[in-house]
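Only one chain comes next, encoded as structure tokens, the form predicted alone.
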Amino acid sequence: MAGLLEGDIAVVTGAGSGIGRAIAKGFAAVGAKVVVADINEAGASETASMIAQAGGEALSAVLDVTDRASCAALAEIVAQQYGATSVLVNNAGIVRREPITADKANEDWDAIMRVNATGPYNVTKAFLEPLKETKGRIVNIGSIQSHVHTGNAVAYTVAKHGVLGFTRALAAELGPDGIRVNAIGPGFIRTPLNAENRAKTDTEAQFIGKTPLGRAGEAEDITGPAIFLASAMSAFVTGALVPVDGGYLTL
């Protein structure tokens, strides 16, 4: 896959760890200049350093996807330092698993909607002009919960259903501008985001029990599908959500 994204400028949100880090490293390995954006400055810097050490080129940046001014400021920085963005990955997200009856249900709902649903909108709006200029590609990170519900995750399910709707709506609206918009639907992926939950509950075992491939996913399992959707290999693909779930949705 060497050179598949040669000449591309890719912005990856939530790239300070987990899936975002794996995608950023994968993009750099196939030639892209990568902007590693995360609200966690240390995590973003670490990812950028990993890319540089591997011979790639990366710029780390602090980004709060819930803050439109922060998104606009990043778009300006990227334009000045790298040029016109051609690939955008809306990956930043949070997970909170509590029933709707929980004391913090309202707080969880608001936080998840701000980050997981409104966040992709904010970042996409900020980078829309360069993406039009480059006839770029947008890859949104959805979930198996873009299709189904899993326990104690009402807000997360609603937000990830929204990511699928956002993807389809954007694909229809931006297609005439030459912009392709797709999504990836990860199954259960072992990341720092769910480390505490994995340690304290049997959630991972429950997911594996319903996964035909019989294992949890790793962040690197998302890299190949992301490169496919960001590259010319998927030149006639738009408005799709690619499940990367070990077969979870087949059962």
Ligand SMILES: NC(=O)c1ccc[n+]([C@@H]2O[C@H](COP(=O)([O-])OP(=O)(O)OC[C@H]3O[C@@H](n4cnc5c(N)ncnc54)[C@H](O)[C@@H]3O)[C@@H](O)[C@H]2O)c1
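Residue positions are given as counts along the sequence shown, with the first one as 1. Every value quoted in this text rests on a predicted model; they were computed, and no experiment measured them.
A second form of this protein, the form predicted in complex with this ligand, is not displayed here; the remarks below concern that form.
Proximity of Ser143 to this ligand in the model of the complex falls within the 4.5 Å heavy atom cutoff. By the criterion of a heavy atom within 4.5 Å, Gly224 is excluded from the residues contacting this ligand in the model of the complex. Looking at Leu59, you'd find every heavy atom of it more than 4.5 angstroms from this ligand in the model of the complex. Taking the partner from elsewhere, Thr238 is found to have every heavy atom lying beyond 4.5 Å of this ligand in the model of the complex. Contact with this ligand in the model of the complex, defined as a heavy atom within 4.5 Å, holds for exactly one of Ile94, Ala79, Ala73, Val154, namely Ile94. Partner contacts here mean any heavy atom within 4.5 Å of this ligand in the model of the complex, and among 128-136, 170-178, 155-163, 99-107 they occur only in 155-163. For the candidate spot formed by Leu5, Ala28 and Asn182, no residue has a non-hydrogen atom within 4.5 angstroms of this ligand in the model of the complex. Residues of 16-48 lying near this ligand in the model of the complex, listed in sequence order, are Gly16, Ser17, Gly18, Ile19, Gly20, Asp38, Ile39, Asn40, the criterion being any heavy atom within 4.5 Å.
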